[in-house]
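Only one chain is given next, in structure tokens, and it is the form predicted alone.
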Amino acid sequence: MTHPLVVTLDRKSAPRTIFAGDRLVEVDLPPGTRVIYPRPPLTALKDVDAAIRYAINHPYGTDPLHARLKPGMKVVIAIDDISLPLPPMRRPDVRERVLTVVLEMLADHGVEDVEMIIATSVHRRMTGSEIRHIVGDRIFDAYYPDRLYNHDAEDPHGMKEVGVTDHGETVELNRKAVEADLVIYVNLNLVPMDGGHKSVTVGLCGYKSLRAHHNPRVMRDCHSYMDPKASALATSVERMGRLVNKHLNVFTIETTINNRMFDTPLEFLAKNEDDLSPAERAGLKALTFTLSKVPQPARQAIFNRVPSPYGVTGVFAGETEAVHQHTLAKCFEQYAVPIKGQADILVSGIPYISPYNVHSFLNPLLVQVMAQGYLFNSYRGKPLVKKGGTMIITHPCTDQFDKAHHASYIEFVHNLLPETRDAMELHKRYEAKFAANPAYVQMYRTGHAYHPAHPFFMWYWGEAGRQHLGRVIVVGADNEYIPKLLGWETARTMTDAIDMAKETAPSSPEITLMHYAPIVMADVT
């Protein structure tokens, strides 16, 4: 018996409607195709503030937060950045709620030396208005910018080495955190690869530490980024995090949310197309038609207009690893759907947003990250598609970049990829040179650009999928150049793409559609 969220299409089934960037497209799939739908949103906590107070007063594996405070101590609070969650959360963001409770407790115990750092690692600096959205007006007005600011991984005086692991991994973190009496990390966990030791060890580090695990060798040894036990990346970060916690006094606060990405007018996007009410079917048709007619900025504005009404499903506090076990359990409860058997052909729409393009365009390198990185890796157990199988995606692959956010991406895509797609070669020949480029570094430190090493990391992010998949076919590309540059084939329609994929598949291939968004993961046996 199959799971109720796994639907097998027949000849009477309606077309499926899936994302193609910031458009929606109807696709006809052959009878027998499996469609995997997201789980309904978990029930949200009724009193989030009470849950926060309970968590920090009843922590896992350590003393309550109040017992670790004393007057005159230096406290650094590190906060997850704009890459979490996707899309951004409707105000009040749960990070504001946690910070409000924590800051009150610090004040009650005479702790006045408090600084808050947005844990951006090598992501772009957040703008003031973006930080205000996360922390709320009262905290922003009281602390920004002197005591509430972005991490700077390239500040020559702002980083300090903590040590080296027994695997030779150098741990270097923000000096303020290293020299603080207590580091409190405020996390908002979206998927299982977030949180845990990654919060402090990656969020507050720089290039010297990232290159220990953000490299093609480690990424090729990851067997699902979403399953920490099978991820060489998570294993490396865990080693480094344990070293951090030996030297720093860390108190971890993690929060989980449900997958209610779309507010009431758009909730039908998560439903089985055969189960839509007449009103929902009309709404889906109207939205699909509108998105096909309006220009790209208007399409992006439609999705950006209303932040997501996520519900908070859990708050856990205490020792990092003890906390994270509870966070992971809640994540998998929300996302994991049991699936029997791998597919020969995996179909997936590519949505308009990734962790690295909030408030900007999903450029071709990030389309690659979504396809061969995040969506390919949305499994536990076995990959959803067999070794050598085909992944079919829908996206225009437009040759467009945000010059303020992704300046170094442009050179990477247009100058380096035409030379080679070999991640090992790119790593060896160009990464260090890019990472030290003074113009790009300046744009990262004083503008809102991603670090110059970031496009390399994004290419490596697709490495596990690139090594596993036999072919990637993109449907609906508006050019041939970008798909070819990425090593992909193109098809005009989904029917054409399925026919192409069948040429290298077994007879009667197993075809599976992962129906994003919201987020869904496959537990494959």
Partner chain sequence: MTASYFDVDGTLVRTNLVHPTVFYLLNQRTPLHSLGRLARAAIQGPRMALAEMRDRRVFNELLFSVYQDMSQDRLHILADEAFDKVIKPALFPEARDLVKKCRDQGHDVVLISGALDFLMKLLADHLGATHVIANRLEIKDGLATGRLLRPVVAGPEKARLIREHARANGHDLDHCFAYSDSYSDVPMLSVVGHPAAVNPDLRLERLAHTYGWPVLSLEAKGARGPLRIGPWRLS
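Everything quoted here is computed from the prediction, not taken from an experiment. Positions refer to the first chain, counted from 1.
Keep in mind that the form predicted in complex with its partner chain is not shown, yet the notes after this line are about it.
Verify the contact flag for Pro156: yes if a non-hydrogen atom of it lies within 4.5 Å of a non-hydrogen atom of its partner chain in the predicted bound form, no if not.
Flag for Pro156 set to yes.
Interface membership of Asp152, its partner chain in the predicted bound form, 4.5 Å heavy atom rule:
Residue-level check for Asp152: yes, a contact with its partner chain.
Give a yes/no on whether Glu411 approaches its partner chain to within 4.5 Å in the predicted bound form, heavy atoms considered.
Contact with its partner chain, yes.
Exercise: Thr420 in contact with its partner chain in the predicted bound form, heavy atom 4.5 Å:
Thr420 lies outside the contact set for its partner chain.
Proximity to its partner chain in the predicted bound form, single hit among Pro438, Pro297, Pro278, Gly72 (heavy atom within 4.5 Å)
None of the others qualify; the residue that does is Pro438.
Find the only residue in Gln442, Thr165, Asn249, Asn304 having a heavy atom within 4.5 Å of its partner chain in the predicted bound form.
Of Gln442, Thr165, Asn249, Asn304, the residue with a heavy atom within 4.5 Å of its partner chain in the predicted bound form is Gln442.
Look at the candidate spot formed by Arg125, Lys403 and Thr446 and say whether its partner chain comes within 4.5 Å of a heavy atom in all three of them in the predicted bound form.
Heavy-atom distance to its partner chain in the predicted bound form: all three under 4.5 Å.
Residues in which of 184-192, 390-398, 306-314, 430-438 have heavy atoms within 4.5 Å of its partner chain in the predicted bound form?
This holds for exactly one stretch, 430-438.
Taking only heavy atoms into account, state which residues of 220-235 are within 4.5 Å of its partner chain in the predicted bound form, ordered by sequence.
Contacting residues: none.
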